[in-house]
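Coming up are structure 1 and structure 2: the same protein chain in two forms, each one given alone as structure tokens.
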Structure 1
Amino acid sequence: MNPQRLMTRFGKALIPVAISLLVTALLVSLAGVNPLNAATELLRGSFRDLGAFANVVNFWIPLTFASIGLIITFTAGLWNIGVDGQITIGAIFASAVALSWDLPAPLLIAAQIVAAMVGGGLWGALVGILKARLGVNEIFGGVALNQIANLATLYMITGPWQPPEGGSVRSSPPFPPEALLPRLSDDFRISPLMLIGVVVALIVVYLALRGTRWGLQLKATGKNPRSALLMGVPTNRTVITAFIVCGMLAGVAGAFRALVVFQSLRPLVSGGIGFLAILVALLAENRVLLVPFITFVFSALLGGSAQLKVALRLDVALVGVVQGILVLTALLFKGASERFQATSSQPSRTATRPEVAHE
């Protein structure tokens, strides 16, 4: 790649970022805060010390799990909005094991994670079966199942898992110590197990999409399910397995939220990470290897949001606004630059468009 092309490519990524920063700065000024102050506080919130950085990593791990899961469903042309519910059910299943099984720590931890994968996978399978076998659009199936998963959490907390003291209805009883994942150190409270897990998941998904028949079938189904079916691809099965695998990865994210972040089951346990992951997948455009970088930026924003609230009394929703604007401008910018390219210059560039000149 020549330097000029590299520059254009770099510029293309930078312009949407610059635009969204500008818009956000405007909004922050509207709220009566100096945008530079906000940026400094945000960075301080994320990277002030090892503890703050661990906090960022603890957002990064579940967000990355969910995002690479979504790359799978996006490749198959599916809008898995239900991923947030899959995270939630994963958390519920992991909590069930943590609260009711009596096993030594290593076995218990393995059982919790397997249970979370089963739960997330089941919840994903439900969307997949509704879509593939019964024709219910996966967006609506997913939205409804997200709500039902949230209500299921509430039900468990206010019903079967109500803490014995009866005091707080805001969470289940805390998990026993054997259920918790070992940490690197007391200063740097991250789980090495999960860190290794997320890297392995990244590599496996990358290889699966590139080099397996399943990956090729996902891609074909995503581009044209009708043709794929006629070429012998079992499209229904492909769709359902895509949802299941995504659900399993999301389930691990859910287990992480419950076991590491809260150490109990709480309402809205996913913290909206599923929705964020959809934004990540939109930005990554099916490129798995881009995912960890995007999720890192998003996690740094999340990690700093609490500091914004404390130091500047800015609502944490600001972080959602920044992320939303970033993805929106990225989409708009992509459209605008493609449009510009199509109308100006070389006709050979537009050769990807079909049937320009029949007769």
Structure 2
Amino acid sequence: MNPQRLMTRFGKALIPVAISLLVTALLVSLAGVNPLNAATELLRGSFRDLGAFANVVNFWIPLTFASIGLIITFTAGLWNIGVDGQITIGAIFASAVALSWDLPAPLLIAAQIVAAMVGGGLWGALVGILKARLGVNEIFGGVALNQIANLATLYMITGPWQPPEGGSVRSSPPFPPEALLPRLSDDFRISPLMLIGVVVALIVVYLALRGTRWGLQLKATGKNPRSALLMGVPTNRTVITAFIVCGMLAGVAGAFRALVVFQSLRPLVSGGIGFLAILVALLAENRVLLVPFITFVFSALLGGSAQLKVALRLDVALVGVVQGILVLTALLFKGASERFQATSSQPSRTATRPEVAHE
């Protein structure tokens, strides 16, 4: 790609961001707060010290895992609304290993991550099978399985994994120390293992989508499933494998939430990360390399939201408004740009028709 075209694409990407920031500044001004003060407090809440920055990173890691997985299903033209349930099932499978297996720390940690990938992959496979084999729309299948996953969490916490003091909906018993992922330090509580995992997942998915037969099959299925089938692409298998791989990555996100963030299994362990990851995938437009930057912005916004309430008496829902405006503006701008391109190319096609007729 030449530099001029790269700058053009970069400029187009910045326009929706600028518009969303202007709209947000207007809303903050209407609330009687200086937008610059709001931005300063937001940054202070996310980066005031190592502990605050660690919270941002600890949200960024699972959000990035889930978003990378969603890029795969979006490439195949699939709305994987069930990714939140896949995160939850990954957390349940990892918790099962943490609470019942007695292994040395390295083996136990590896077993928990593998179990989370298996659980998330199986939950994703259910959505894919319902879609490919039974014709159930993936949105309906995903929403139903999300609810089942949440109910399964409540059952395990109040039943087999209830704390010694009796039934509780708060959490399972704390995981043993050897089950917890090692952290960099007491001040900077992030997992280097998961940081490496995010980078590896990013590279593998990027290369798989660009340079493998499976990646081409995903793109063909996403563009036109019927044409892909006529060309020999196994569309049903492609759909199912897309959900499985996405579920595996979402399962790792669930393991991180359980093993690092909470150190136990809790209700709504996903924290809505799956639904936020859908917004990230929409903004990234199937471009894997954009995902970590978008997820970092979202994580920083959420990390600093509490500071807005403390310092400026602004409701933390403002961050959700910012995210929603950003996604809506990006989608509207993309639709308008595509419509303009289609309209501008129409005269050129019309102009070539006399030549074809003359020939």
Partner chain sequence: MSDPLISTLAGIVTNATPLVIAAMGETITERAGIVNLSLDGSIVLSAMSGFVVAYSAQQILITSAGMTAPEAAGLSVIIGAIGAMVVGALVALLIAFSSISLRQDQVAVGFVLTLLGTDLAVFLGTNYARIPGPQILPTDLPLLANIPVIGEIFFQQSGFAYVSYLLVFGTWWLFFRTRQGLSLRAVGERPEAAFARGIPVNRLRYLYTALGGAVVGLAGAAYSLNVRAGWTVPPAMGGDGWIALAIVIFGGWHPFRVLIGAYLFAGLRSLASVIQRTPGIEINITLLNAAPWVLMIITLLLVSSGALERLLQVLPRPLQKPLRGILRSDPPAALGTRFERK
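In this text, the rigid core denotes the largest set of C-alpha atoms whose superposition between the two forms falls within 1.5 Å. Just so we're on the same page, residue numbers count up from 1 along structure 1's sequence. All figures in this text were calculated on a predicted structure; none of them were measured in a lab.
As for origin, structure 2 is the form predicted on its own and structure 1 is not. A two-part rigid motion is described between structures 1 and 2, in which the smaller part turns by 16 degrees against the larger. Superposed on the rigid core, the forms differ at residue 30: its CA is offset by 6.3 Å between structures 1 and 2. Fit the two forms on the rigid core and the C-alpha of residue 19 turns out 3.6 Å off between structures 1 and 2.
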